[in-house]
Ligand SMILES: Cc1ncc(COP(=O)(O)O)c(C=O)c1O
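Listed next as structure tokens is one chain, alone, in the form predicted alone.
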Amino acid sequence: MQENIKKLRQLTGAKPRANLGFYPTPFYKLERLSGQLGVELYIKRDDFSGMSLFGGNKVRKLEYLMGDALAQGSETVVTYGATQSNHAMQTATACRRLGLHPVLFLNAYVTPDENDIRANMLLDRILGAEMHVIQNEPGETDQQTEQRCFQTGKEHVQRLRDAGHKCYDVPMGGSSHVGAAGFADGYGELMEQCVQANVRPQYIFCATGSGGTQAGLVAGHHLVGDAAQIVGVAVSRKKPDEYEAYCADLANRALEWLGSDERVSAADFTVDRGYYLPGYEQPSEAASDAIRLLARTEGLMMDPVYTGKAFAGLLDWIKQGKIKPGSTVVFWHTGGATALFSEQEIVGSVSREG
């Protein structure tokens, strides 16, 4: 396995990469919670990725995305997300670090209060990002608003290019094949740490939304050849089979871009859709309970949109016996705790006593 890890890191190391994060991120056992749950539970702290206090999993993707943007001579970077998007904020941060102009097209799942701008939107403002907020129109579904946000952004990119500006277009969540390659590299980093600690994960849990994180992890896992099962806990509605096929295509394009002949299939993806309700950026009691549990046993914070729901899924797998007592489990903490300081509609009941 160590030789495979070395080959993976050689493939990713050959690609343009911006120096944004602080790696390797910490990896260690959650001792108190492991004893309480009856499993060997480890955590991968990508909430410590940097480059600011508010880093997270998007920084791994952005190192490769921004490296690619700079290699192409770009001066402007355009991306998309919700108004409280971690990815959008981290993209704006990366752009400022590298001297690029950030343009954000933000879909208002929750309408922001201009008199009380919070969390990631506040950081976007401080960073001076060019922001375009796309409001939900009467009778329009969230998906339709999202598509209109994408279309409006694409038209803006074309106008910039027509005017002679070199513009790099980053999809929502940084989930292109280039961004996914960052998490193939991240998987190699985790496996290096596991070898050093003599840990052999049987399960690796992560939140999955736009797909790039899980696609990259599965691509890296395929190249390393270890025995872990990667479980993505969906944080929004995903069509059966279609999402797995999409992630497999993303992983395969990342593998091709890295110069590997290896390929994965939809069958390599385990996606649990049982924990996202009532919907994206809508809190659940299970997620709130999971956030409080980790905070009160290990002093660690998660968010109600991504990690809280993913951790709730992991806890339920243990409760149901899908994960057997004594199993070795890794939770990939993807960051996003700024959501704890966002609008009440996103935060939910996490602050209640008990």
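Note that the structure is predicted; figures quoted are calculated from it, not measured. From 1 onward, residues are counted along the sequence shown.
The form predicted in complex with the named molecule exists for this protein as well; it is not shown, and the discussion that follows is about that form.
With the partner omitted here, the residue from Asn252, Ser74, Ser210, Asn107 that has a non-hydrogen atom within 4.5 angstroms of the named molecule in the predicted bound form is Ser210.
None of 5-13, 20-28, 342-350, 327-335 except one has non-hydrogen atoms within 4.5 angstroms of the named molecule in the predicted bound form; the exception is 327-335. Taking the partner from elsewhere, no residue among Lys44, Ser49 and Phe205 has a non-hydrogen atom within 4.5 angstroms of the named molecule in the predicted bound form. Within 4.5 Å of some heavy atom of the named molecule in the predicted bound form lies at least one heavy atom of Tyr306. Contact annotation: Asn86 falls within 4.5 Å of the named molecule in the predicted bound form, judged by heavy atom distances.
Interface membership of Arg60, defined by any non-hydrogen atom within 4.5 Å of the named molecule in the predicted bound form, is ruled out. Among residues of the shown chain, Ser175 is one whose heavy atoms approach the named molecule to within 4.5 Å in the predicted bound form.
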